[in-house]
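Just the one chain here, the form predicted on its own, laid out as structure tokens.
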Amino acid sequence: MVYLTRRERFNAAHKLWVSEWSDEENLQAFGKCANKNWHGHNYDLFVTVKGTPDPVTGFIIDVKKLSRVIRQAIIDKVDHSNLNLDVDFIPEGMQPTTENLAILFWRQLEPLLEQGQLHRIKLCETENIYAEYFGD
């Protein structure tokens, strides 16, 4: 089995907030992410596909096609957006955490891959924080 990873980047704003909580409770739970005026991140998205290379092309999947699918399904929708308000596949009221986004990105991509099998979504929110999702 061979694993191939494609990295894409995007910038987006979000706010983590529970409306039933006080300002103090939100700040205690979410820190800077509870900024009432939103805040942004420069995200790195790593999409890993697994499979056996084609005997003729040597590819698991054509990386140009993979990039195009990632861009159409995810990047074009989230880049320079407000994740709380602008993205149609993020359910209203769901916290747009790195963890939740990794799961949602998997759900967007998996049915669109015609070659290889989606193995991992890794989403880096900062250089020190990332989430990985393997579809389980």
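In this text, residue numbers run from 1 along the sequence as written. These numbers come from a predicted model, not from an experiment.
The form predicted in complex with another copy of the chain exists for this protein as well; it is not shown, and the discussion that follows is about that form.
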Distance check, E110 to another copy of the chain in the predicted bound form, heavy atom within 4.5 Å: no
Non-hydrogen atom contact T126 with another copy of the chain in the predicted bound form at 4.5 angstroms: yes
Contact of P91 with another copy of the chain in the predicted bound form (heavy atom, 4.5 Å): no
Contact of Q115 with another copy of the chain in the predicted bound form (heavy atom, 4.5 Å): no
Sequence-ordered residues of 78-110 touching another copy of the chain in the predicted bound form, heavy atom within 4.5 Å: D79, H80, S81, N82, L85, D86, Q95, T97, E99, N100, I103
